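Okay, so we've got a single protein chain in two different forms coming up as structure tokens, structure 1 first and structure 2 after it.
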Structure 1
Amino acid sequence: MPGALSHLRICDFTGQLAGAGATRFLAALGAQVIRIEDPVAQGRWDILRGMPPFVDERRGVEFGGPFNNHNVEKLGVTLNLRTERGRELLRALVAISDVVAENFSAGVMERLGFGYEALRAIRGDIVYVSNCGFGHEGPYRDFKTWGPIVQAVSGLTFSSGLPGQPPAGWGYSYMDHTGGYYMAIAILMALRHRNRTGEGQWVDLSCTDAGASLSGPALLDAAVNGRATPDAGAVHSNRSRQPPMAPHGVYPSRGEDDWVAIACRDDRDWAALGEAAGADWARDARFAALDGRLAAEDELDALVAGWTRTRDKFAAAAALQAAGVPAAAVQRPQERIDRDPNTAAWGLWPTVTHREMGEVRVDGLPVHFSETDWRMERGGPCLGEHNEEVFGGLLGLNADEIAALRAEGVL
């Protein structure tokens, strides 16, 4: 079955997650993604090549679990762009590619000799999408980032926390994932524009711009109402104001570090929670309507916690769900990956085969297509694993020429 994007070829300079996550989506849908790495740096363009977790005791650039996860279904080639022959081969590759994608720091592609103008001279309708923390223009263009810095500057870290505490932030690089999603969106939209008009273009993606756009209502509140910047200790993101709900929170349950999330959307949910809990306090007239509950959130949280504390988190959530109230156990990785019937039924954890690591489970996609569904079978590429396939099969070099290029340090 052809993939939705089997007709596309991506010349891929991305790395880590913010870039690799974008081309990963395209590769799973059938695009031929050719990942270019530097033979001299031996994989160090992407720090994740050697980072934990590892499948066993082996270490090195072919054993990084994150790299494998983020680069499934891609081809990997090596190309030394310090050499004229290396640059020539890249030009040949760009000439037959639809997209060039990269997430280096601003200015790196120009220094390599392959900024947008150079790419466009090779192929007039090329789609070039760059992705970096602060974009390619603006006072901070040379600043360096990774997920946590993007999240801090764009306002997302601040918006995650409990009262009287410093910001909790995000316990993972939400904006590396999400920067990758915006990069994939940008690539696909630019291709749509090309289909319609014949024009290629450069898209300058700044992860902090994308991050800031994810707090839209709060930005408007500041701009429209002149709302003063709140104190960090006033944030309570386990509660809900959009829309207002109460009780709404993460409550302790039986077991060590076990928690259950509960959201009463409306008066009906509240009454149903009271029934399910069999609690007298739930019949208190003060709590019957939303305004009363919002005025007594601390008190409500203590009452709800009193009920959840002695219960298993899954049992508590199931009892509330049976009454139609949104509730869910805060799942540990093992619970959601190996015990949640929904992720299994979806096929969310496909097994890929990596040349060195063997069979490894990876993140699947949270979308299914009725006609052209995704596929993940091949693990992330080893360094230069597909040199023959790409330089031979695609660019027509013979085995002797490839061997000579390898000997000369071009590949």
Structure 2
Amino acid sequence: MPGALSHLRICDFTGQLAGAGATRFLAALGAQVIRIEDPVAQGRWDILRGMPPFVDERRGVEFGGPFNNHNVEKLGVTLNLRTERGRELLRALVAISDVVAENFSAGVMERLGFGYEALRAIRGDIVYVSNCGFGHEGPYRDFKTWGPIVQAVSGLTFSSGLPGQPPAGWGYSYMDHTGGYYMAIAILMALRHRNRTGEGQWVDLSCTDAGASLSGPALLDAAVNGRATPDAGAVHSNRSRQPPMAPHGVYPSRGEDDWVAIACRDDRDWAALGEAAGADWARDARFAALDGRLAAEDELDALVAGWTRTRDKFAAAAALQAAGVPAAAVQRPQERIDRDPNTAAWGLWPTVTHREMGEVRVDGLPVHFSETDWRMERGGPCLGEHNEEVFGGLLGLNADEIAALRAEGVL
């Protein structure tokens, strides 16, 4: 069945996570995404090309697991934009594309000679979507960023941590991934506008502002109540303050670095937890009501941890779930993939075929469509893997012309 976006062609300069993750979604839904790379750089701009995990002992720009994961179902071409012929071919490709997408630092596309005005001169209704750290407006426009930097500047890093310890952050390049989600939506909204009006446009995305938009409650507290930061010691990412709950956290279980998450929403959940635990402390009158549990939260957490520490995390979660208490084992990736029965039922990690690596599992999409579902079968492209298909099949060059361009360093 044709994908929902099979009528679209995207000229794709994106890389790494924040950009490549966006066009990945669209490719899975049927869009023809043509990823353009520099043959001279040999994949060095997109560091994911050579990053682990690897499937075996082979290393190099064709074997990076993260690159394959973020570029499934895309076509890959090489094009040297330092040459006039390379620029001519790009102009020809833009002329038959619906979207040009990139996540370079601000100003890179202009320096290459393909800023928005130049693109619009090639195709008047082109949708151009750029995604950089601070967008193309404001005093920070020339600053360069990386996922963890975006998280820090946007305020997200401060929002995760334990009392008395430095901010924990939100994990590896969280905003690179989230920036990709925002970018995918931005592309679709601009295309929706073009479908209605025939008008293309430049969509300028600031990844840092995207991160700030995830800090709504803290920003609202500062704007309305004048509190620029939480009260001293209030940052505790395992505890629920809004609404208040206790116990609410991640507790150690039996085994090495094994954990179980528990959330008691109200007194009924607390009573059910106490019955499942069968411990004397669960009958302590101090903990019968929420106010008492909040007042002694440190002591309460220690008691709950004493109970969970002697139990397998899956067994503890199952016992609490049976009692009606929200609980779940904190799963490692391999447990989520190989143990959780919902994974196979959902098809969340499909297997794709990569030209060099063979069959490899990748991330699927957490959504299914009854009529136009996504598909992931082809792995990420090797450097220039689809030069013949694109420059020959789409732009009409013959085999001798393509071979000559390759010899001249254009491809």
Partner chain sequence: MTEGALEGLRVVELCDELGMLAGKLLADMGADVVKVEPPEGDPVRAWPPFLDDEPGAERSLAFWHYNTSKAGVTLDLAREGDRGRLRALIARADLYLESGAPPGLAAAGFDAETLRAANAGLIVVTISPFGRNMPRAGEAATDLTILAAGGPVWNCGYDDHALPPVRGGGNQGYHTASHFAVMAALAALLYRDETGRGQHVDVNAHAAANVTTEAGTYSWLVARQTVERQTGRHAAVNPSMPTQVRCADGRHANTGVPPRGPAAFAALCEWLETLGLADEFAETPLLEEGTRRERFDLAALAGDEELRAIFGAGRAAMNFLASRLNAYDFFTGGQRRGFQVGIVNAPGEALADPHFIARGFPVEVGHPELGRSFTYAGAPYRFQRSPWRIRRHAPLLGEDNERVFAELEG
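Rigid core: the largest C-alpha set superposing within 1.5 Å between the two forms. Computed from a prediction, not measured in an experiment: that's the story for all the values here. Each residue is numbered by where it sits in the sequence of structure 1, with counting from 1.
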Exercise. Pick one: is 1 or 2 the form predicted alone?
Worked result: 2
Exercise. With the core lined up, does the C-alpha of A296 move 2 Å or more between structures 1 and 2?
Worked result: yes
